[in-house]
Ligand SMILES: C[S@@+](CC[C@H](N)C(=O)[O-])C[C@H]1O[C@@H](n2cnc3c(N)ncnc32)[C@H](O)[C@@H]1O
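Only one chain is given next, in structure tokens, and it is the form predicted on its own.
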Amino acid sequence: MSSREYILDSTSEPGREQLGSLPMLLDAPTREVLEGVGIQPGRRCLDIGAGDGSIARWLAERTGPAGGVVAVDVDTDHLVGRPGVEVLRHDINDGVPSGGPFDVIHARLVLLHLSRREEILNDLVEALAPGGWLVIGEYGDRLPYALSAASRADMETFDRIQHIGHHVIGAAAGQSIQWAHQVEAHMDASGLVDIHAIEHSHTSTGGGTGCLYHRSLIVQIEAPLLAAGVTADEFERYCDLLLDPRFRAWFYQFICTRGRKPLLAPTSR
């Protein structure tokens, strides 16, 4: 993801907690989509916004010694590799890394943050080998919302801060929570075929992985939240709620979409 546009800081302690939570929250649906593309030995893969490297390592296990995975992030301090994984510090705004064409390109929670998301998607399609797959996972526009808490005021506090965080702060930074629903149309326009998407979500309870993930996100944007009108008491209560086992909320709507680049047309003799 882009160091110039990404408003969260993965080098901070909350940022490390955020990265550490994602494999538990999103790897299962991500792997479900990737398994549908047929990851085979010898394949060349690119993992963009690789985080701690969990998906890159999973891909490397399946591509074997004859294949390989390039794992890319703007901060690679927490990116754990393994044999078959090349770790690369890189901003996708600066272009697709060398090493292609790739049989599989995966990007999770990256393009929604970037103003050039449509252009970058087209660049990724260009970097695919014929028959190669592009897999993009993003959060959709059904934001997390409270289901139960000690009081109605607590539920309203959670929902209010979610709204401000995404529709005010995130939107001002160029984030698009509509993008997840637009990926399929852009894949189609770019010439990809066999396009398929899944939606995944679940409820989360205070003190559990999903709520701790929410907490790690909100702590990183405390200053802009307060500047946008959230009071210090509201912010503190929000953080406490996410540790309270009486609190439950829906997690993000995660939408993962895949599309295949057509094989080259056979040449006439």
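Keep in mind it's a predicted model, so treat the numbers as computed, not measured. The numbering used is simple: start at 1 and walk along the sequence shown.
The next section is about a form of this same protein that is not shown, the form predicted together with the named molecule.
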{"query": "G49, D73 and L114 each touching the named molecule in the predicted complex (heavy atom, 4.5 Å)", "finding": "yes"}
{"query": "The unique member of D141, E156, D91, D194 whose heavy atoms fall within 4.5 Å of the named molecule in the predicted complex", "finding": "D91"}
{"query": "In the predicted complex, the one of V125, V135, I169, L109 near the named molecule [non-hydrogen atom within 4.5 angstroms]", "finding": "L109"}
{"query": "Interface membership of T257, the named molecule in the predicted complex, 4.5 Å heavy atom rule", "finding": "no"}
{"query": "Distance check, Q18 to the named molecule in the predicted complex, heavy atom within 4.5 Å", "finding": "yes"}
{"query": "Heavy atom of L22 within 4.5 Å of the named molecule in the predicted complex", "finding": "yes"}
{"query": "Contact of Q253 with the named molecule in the predicted complex (heavy atom, 4.5 Å)", "finding": "no"}
{"query": "Answer range among 125-133, 157-165, 182-190, 74-82 for contact with the named molecule, defined in the predicted complex as heavy atoms within 4.5 Å", "finding": "74-82"}
